[in-house]
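Only one chain comes next, encoded as structure tokens, the form predicted alone.
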Amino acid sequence: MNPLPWMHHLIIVPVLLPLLVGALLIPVNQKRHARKFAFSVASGALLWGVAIALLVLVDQEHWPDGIGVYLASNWTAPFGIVLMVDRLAALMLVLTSTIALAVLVFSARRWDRVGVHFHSLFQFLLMGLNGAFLTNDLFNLFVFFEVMLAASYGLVLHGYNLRRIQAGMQYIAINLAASLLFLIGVSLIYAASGTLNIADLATRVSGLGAQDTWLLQIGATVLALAFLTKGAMWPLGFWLPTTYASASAPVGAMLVLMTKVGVYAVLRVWLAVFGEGSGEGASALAGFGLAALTVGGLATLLFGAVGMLSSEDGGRMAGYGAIISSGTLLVVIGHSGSAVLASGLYYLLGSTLAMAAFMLLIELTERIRPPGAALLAITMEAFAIEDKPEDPVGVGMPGTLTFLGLSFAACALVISGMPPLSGFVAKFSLFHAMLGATQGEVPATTWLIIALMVLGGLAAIIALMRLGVRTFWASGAVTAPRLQFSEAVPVGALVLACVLLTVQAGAVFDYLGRTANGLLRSTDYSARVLGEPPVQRAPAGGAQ
């Protein structure tokens, strides 16, 4: 079934819409908070609708092989800029727009009023994220990465204080270094293959000579270092816990998404270019670097588990939790296999939603104070410069502590992989897929992966239980914090999404199974992208 002609242009909407809205909001006076918020939320809601529409279109294969290709300026690949949406890209667009919409609503009454241009920076961040998921070209991936990072630099420093400035400077320096590695890697790959289009690169690797193959491997290794710095693989992710702990709650939730962009880039490039199905004659490079990803993922898992146990601050726990999540996903990419990959994508969904909800929840739980704590807080804040909004005023929501406690427990269960929510389903399915993928005796590496994943979950539940006890019980008599409904609803919605992932696990796994199969058929992907014909212009005076 062919989509209507206008549906084809939906592919570029997730890039153009936030770009236009962000630019239009720049000259709007900062005092017009309501107007800026209305435009930003309307953009976020429309992006969510477009992402859902694209997901339905690709899953029902309205485009051949469930892959939609958009030729910018009507130049065919590999010469022109090509945007591509398949099941994985559409899934990441839905995940991004869901979290972004929740973050925007959460920021409505407080954080969007601190500093300047919050909504413009946020829209540019969405443009970079969406472009990174849709692009099919390594140089354009670099461009979208830089758009995303440039916006994130301003957002990380948003609502500044001394701690946030120090962490922000470190974050900027690390990502500038990663961007330099990105450019070097892209240059080496182009020198070796003569192309930066991912689909075209996948078809050319089998015909490279020995020297060009060697140069391509060096370029891919440097490029992987850039991706994995952003994806928080040990030891490249040392910057992440400090940044998470220092950023404002809405920005921290978006940082959770940004770490997944690095993992997504590795998944997209490596399975297309170095996967088992990367084209005829590509066996010499098939599987290149996958063993290193597995080892790096295991080290990242261990580092995250130790860091989680050693942390007492909720923000740092969230940072180490994101590192554990990245380590698990890198192991999944290195392990390969359709069932393992589908389970890993399910884990990505649940862990990202739960971690984003947890980042927002941290700020709300910090308002739980025992009697007399206010004086201590005022005394401490007298010696710190902080551009931070006042706590909300008015009547507190009924059942506030109950809501916060249940939300905290749900996030802890998903992050640690304990039953009965989606974290447990994801880890159980991963174990089942890894053990089922082996014929005969199970390799020691598989048992090591399972052991470290269990250790990571155990470390997470111990650390989060300790934080929960200290927050909700050990403080003695506490006063219920004052929350706005605009703060509670986004947290509740993200937690509810984790519950829905559990309830609808069968349907979600069916979709992810089709996604994994498509990713492993990289020859079909290359043929679809390179075979997309340009749009034929109607003759002068003819009908469109």
Partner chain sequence: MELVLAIAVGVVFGSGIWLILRPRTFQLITGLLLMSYAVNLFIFAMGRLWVDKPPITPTAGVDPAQFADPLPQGLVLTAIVIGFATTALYLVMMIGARGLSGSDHVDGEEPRE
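Just so we're clear, the structure is a prediction, and the values are computed from it rather than from any experiment. Positions refer to the first chain, counted from 1.
Omitted from view is the form predicted in complex with its partner chain, to which the following refers.
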**OP:** State the residue from 173, 210, 469, 442 whose non-hydrogen atoms include one within 4.5 Å of its partner chain in the predicted bound form.
**Re:** 173
Subject >> in the predicted bound form, the residue from 462, 81, 409, 183 that sits within 4.5 Å of its partner chain by heavy atoms >> reply: 183
Subject >> Residue contact check: residue 146 to its partner chain in the predicted bound form, 4.5 Å heavy atom >> reply: yes
**OP:** May I ask you to check whether residue 310 falls inside a 4.5 Å heavy atom distance of its partner chain in the predicted bound form?
**Re:** no
Original post:
With the partner left out of view, is residue 191 within 4.5 angstroms of its partner chain in the predicted bound form by any non-hydrogen atom?
Top reply: yes
Original post:
Is residue 142 close enough to its partner chain in the predicted bound form to count, meaning some heavy atom within 4.5 Å?
Top reply: yes
**OP:** Sort through 264-272, 163-171, 322-330, 287-295 and report the only stretch with a non-hydrogen atom within 4.5 Å of its partner chain in the predicted bound form.
**Re:** 163-171
Original post:
Does its partner chain come within 4.5 Å of a heavy atom in each of 153, 187 and 196 in the predicted bound form?
Top reply: yes
Original post:
Within 455-469, which residues have a heavy atom closer than or equal to 4.5 Å from its partner chain in the predicted bound form?
Top reply: none
